[in-house]
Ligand code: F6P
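What follows is a single chain, given as structure tokens, in the form predicted on its own.
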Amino acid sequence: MSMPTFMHNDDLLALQEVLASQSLLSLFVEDAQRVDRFSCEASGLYLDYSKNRVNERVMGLLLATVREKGLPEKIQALFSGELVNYTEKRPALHTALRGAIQTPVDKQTLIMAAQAQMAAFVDSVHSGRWLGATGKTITDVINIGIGGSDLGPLMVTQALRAYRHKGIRCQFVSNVDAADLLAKLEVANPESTLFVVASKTFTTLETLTNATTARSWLIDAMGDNADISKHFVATTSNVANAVAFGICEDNVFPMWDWVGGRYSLWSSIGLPIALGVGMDHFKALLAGARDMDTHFASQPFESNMPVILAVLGVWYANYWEAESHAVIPYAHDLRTFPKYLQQLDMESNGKSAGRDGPVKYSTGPIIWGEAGTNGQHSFHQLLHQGTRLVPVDFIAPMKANHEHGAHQIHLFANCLSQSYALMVGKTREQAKQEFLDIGYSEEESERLADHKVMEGNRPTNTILMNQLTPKNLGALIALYEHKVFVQSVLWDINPFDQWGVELGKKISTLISAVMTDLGDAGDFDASTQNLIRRFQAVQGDNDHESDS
């Protein structure tokens, strides 16, 4: 389906045409206070959005639009537990998990009990009171989950590597391809390994397949000494299924339907985070997110960081035909952050149905990125000279979590150089002169100049923090959560369901049944039937080879 790009605000359309004819650099020349006007600070984060193709009039109109869409009331509805997930008739109370002030009292009681259970368990593992079946302390924690039960804990545990508990190695398994699990098991000792199985329903195909294989590995390795209850815990709402699997009921941590998977790292899904970095650092993560919640709920939109990022994203998606958005953290420990944001943003706002029917404009962009400086040697070429406009968020801690200061200076210089180069570009005259300077003839320089031209005027945001700490990371994650929510309000879509994900799950179950001769292949098209037959033929060949 082809989507019209524009949202048809005539004033914004006119301003887009004006700004398209101006260079970003000229906006700084015209306004000596531009950086002060287009920057803000909150919860340990500093946002410079001055390198965007906006002026005060554009920002005023964009912010007026979110007011017209009822954003103040919708923020209140989000925090107070109203049924903002209207297709599933549920609240979305991930903010309650970190203690937002509007949290309903009944939810506070559940959350405090779950956090106390987590704290007691983490302390028992770290202190050595929790022992494996043969009396060995836990050295490896392997989280088995997928989607929100994997991406959030994985990203945070990697990001907070400098704060890791020295006696614990945390690993994560999500892909149903056994190669993922086997790679983790190869370096683990079954006698000192703890598995955390994270599945809201305890029926997720990928997760249960991996968990069952892990259980078999443990039993095969330990024989008569195997005791599943000493090596498996679970985070789920289906206690009965977890117990049937072999997990002690006391070691089942709760999940609730008022927290979506991609927003769940703040809950018991964050157990591997707490095991990896300690409960105190997990609480600091919550505190940073809570600070950003307070900022989002209380600050005027003109200085409200999530709102500003959100309207800028809509500006480019709906008035500049930008189809994607790059997130580039200049911190190796944040290398998984773009991948985490892919789920947060695209699963939330990758929607074509609005509250009142199909939308008639572009919604959520494609989110992508890589850690700097690696991206400079791969996709930055497209950012600088490609035919597509790609707005970029640069994220950078200014102080490293290591003692090699020269590395940090070089890293930060690269971050700033990229945002500057994307803004100023390179003219044809400059490109031609560069060829002349290295000895090319006038004719060659004229002919080749276009190959070095960079249009510039590519919009970027720069988000700084003093250092990558648990609290600053919590604020950063919450910043993007709220940005996504604001954009959903502007686009009038529900960011808390994911029916597109559910369809694939159901069909996968049906195809699996066909491949194991328990279903009817006739229910599928000729292409799918052909592909199933080819798979079955290869599997049959493998069986014959193993028999021989």
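Worth saying up front: this structure is predicted, and the values here are computed from it rather than measured. So that there is no doubt, residue numbering starts at 1 and follows the sequence shown.
A second form of this protein, the form predicted together with ligand F6P, is not displayed here; the remarks below concern that form.
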| query | finding |
| --- | --- |
| Contacting member of 147, 397, 132, 391, with respect to ligand F6P in the predicted bound form [4.5 Å, heavy atom] | 147 |
| Option touching ligand F6P, based on a heavy atom within 4.5 Å in the predicted bound form, out of 35, 501, 64, 515 | 501 |
| Any non-hydrogen atom of residue 157 within 4.5 angstroms of ligand F6P in the predicted bound form | no |
| Exercise: residue 204 in contact with ligand F6P in the predicted bound form, heavy atom 4.5 Å | yes |
| Close approach of residue 505 to ligand F6P in the predicted bound form, 4.5 Å, heavy atom | yes |
| Proximity of residue 329 to ligand F6P in the predicted bound form, heavy atoms at 4.5 Å | no |
| Answer range among 220-228, 383-391, 180-188, 193-201 for contact with ligand F6P, defined in the predicted bound form as heavy atoms within 4.5 Å | 193-201 |
| Within 329-367, the residues that have a heavy atom no more than 4.5 Å from ligand F6P in the predicted bound form | 343, 347 |
